[in-house]
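One chain follows as structure tokens, the form predicted alone.
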Amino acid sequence: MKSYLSTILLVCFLNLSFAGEGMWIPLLLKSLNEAEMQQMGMKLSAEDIYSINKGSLKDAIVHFGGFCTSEIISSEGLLLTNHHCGYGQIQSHSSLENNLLKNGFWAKNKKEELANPGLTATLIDQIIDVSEKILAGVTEEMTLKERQSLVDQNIAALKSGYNLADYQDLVVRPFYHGNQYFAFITTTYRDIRLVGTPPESIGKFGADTDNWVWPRHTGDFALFRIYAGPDNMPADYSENNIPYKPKHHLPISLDGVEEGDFTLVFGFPGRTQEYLPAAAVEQIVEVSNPAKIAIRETALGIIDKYMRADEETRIKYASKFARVANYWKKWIGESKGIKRTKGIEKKKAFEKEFQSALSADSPYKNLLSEFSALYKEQEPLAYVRDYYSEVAGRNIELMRLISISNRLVSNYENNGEESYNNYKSRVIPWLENFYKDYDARIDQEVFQALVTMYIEDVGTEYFPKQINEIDAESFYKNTALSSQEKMMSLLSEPAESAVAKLKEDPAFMFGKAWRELYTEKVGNPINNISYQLDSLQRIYMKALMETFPDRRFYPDANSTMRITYGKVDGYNPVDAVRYTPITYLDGVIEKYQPGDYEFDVSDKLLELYEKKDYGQYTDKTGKVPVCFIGTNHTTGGNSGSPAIDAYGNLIGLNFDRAWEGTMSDYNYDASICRNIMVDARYILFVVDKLAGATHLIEEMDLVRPKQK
């Protein structure tokens, strides 16, 4: 299977022209991508990008907190990532008296850099194709459960053969829906400090109005630093730790970009599902997305009302609001994009071609009809699943407290008092942080609205019968969970007493009844269908590569290190409209609205603009570039990824996608799929001219590759 897939992939690659699509494995660049990338203008070799024998670009690429990407931009471990990736840490250091979100923050020296307990930075040491070892003994006759059990055993055996340090890990991930496996040896640093962040008026300029939108004028960046022990290896936080000395860091280009320039984005994209059948994508567009959008729209409306009325509330809820709003807007654009580009129709046409290419005795001839039948069976359950997950799992904060309480009770009843106390010791710091940014009034109103929606749209069949009428005010008043004082008092009691009281708490009983009803009527049945769909998807992926050996297939994103490459290019969002690929500081001033939290700017920025005091951070026209777009295929997790030029220098910072092309997770279309990046020169301009943090500029290597 290993050699067969490699041959197929190489042939697929050589027979299709580049369209910007694909998230490629760095290990395979030499055989699959290097020639094309160099034909597009790249001056690097595959070895310059990924090497285990010398410092390479991969050694500057960091998995930030496990949810974003960041990159090392100095020899002293200086990390660049998105403002929105560091938002939680920035918020945690903010208060009314010292509001880092509003005012920004710049450490004048390393002693002023702020620690962030729990934040990690993970580097990739090596990527290894382990398909033969992981799939050893696996046969097509196995059930999905039998197959996974053997795969898990093989993974465990593989890991046992490696002698890793305590700061290292070996992570094995499936590719091509389980037809291939790669291992990633990683090193994780645990002392990551906040170095600098622009104010929200730059880092979140345009806020929710401009989110997922082009043209964009957001300086979405923040600076952190990796600290290490005296041996340059990971260590817990200590004042004696020193800045990490990387194997490689990215120089920063002052020459910037022009339309048509080569761009490489290196990072950890989260999840794509490019090879779903038409039936699945149709269900997403027509059933799942509308339900999730409606729920979040209701919740956001309530939260926004309170945030606009009170500054302290806005600080407390800023990160939560942004998190909820992000995918709400993405789903809207995603559905519109799929419809506009006729994504479902294209998949159906492709499936018709696939079916026609199969022989009469092909083992794959019934695949598509089996898919259709299963998705039809799943559809009503998927609707309830999405409603339940959004209402009970994501948008009502009390439900998170119910989940915590359930685990406390479960630990006590199943594993005894020691297990309960161990979990309690871990959860109490989390609860203290949670309640700091929790407002029961807001949550109560969200609860009332969303539960009412659930009952009206899903039906009473999927809601606990013992709950005849939801009175949120009484409900929140009578539960200990909505009050920090009551909850902490309860947890201070002996385990037996605390558990007994939790089990009698009205919120706990409500959550338990709802969860059990959902599991019985929806969770178990839909899980059974999902197992069958997962098995079919693996077979379908294998069938596609066998049936179309001259076509290009790349693995879906799965939070592992990937390369995507393209070019700086504009697009046509609608008829008769052309978006150019670069925005400027002029556009920030054009959008400026004094006093508006989304579009306000500082007096200092206005002064710099009026005096044209831009330093060395302009393009050939004398203007300061702010953002640019490219054809790179990106998704969630690519936030904070470096945009790298043909020479291996940093030219920008990936932070978003254009709204019209957010459907690229399911259906990449080169005509409108664009990733959005902050221009590196705008970042330098803000750090140097606006913040006056010249010491940080001096730490970086600024280059002019186009002037050589």
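So that there is no doubt, residue numbering starts at 1 and follows the sequence shown. Quick caveat, the model's predicted, so the values are computed rather than measured.
Omitted here: the form predicted together with a small molecule. The next part is about that form.
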property: Full three-residue contact with the small molecule in the predicted bound form, heavy atom 4.5 Å, for Ala309, Glu311 and Tyr597; result: no
property: The single option of Asp208, Asp569, Glu274, Asp437 touching the small molecule in the predicted bound form, heavy atom within 4.5 Å; result: Asp208
property: Residue (of Met488, Ile539, Leu114, Ala322) lying close to the small molecule in the predicted bound form, criterion heavy atoms within 4.5 Å; result: Ala322
property: Proximity of Arg385 to the small molecule in the predicted bound form, heavy atoms at 4.5 Å; result: no
property: The small molecule contact in the predicted bound form: Tyr454, any heavy atom under 4.5 Å; result: no
property: The small molecule contact at Ser639 in the predicted bound form, heavy atom, 4.5 Å; result: yes
property: Contact of His84 with the small molecule in the predicted bound form (heavy atom, 4.5 Å); result: yes
property: Stretch from 240-248, 551-559, 322-330, 352-360 whose residues place a heavy atom within 4.5 Å of the small molecule in the predicted bound form; result: 322-330
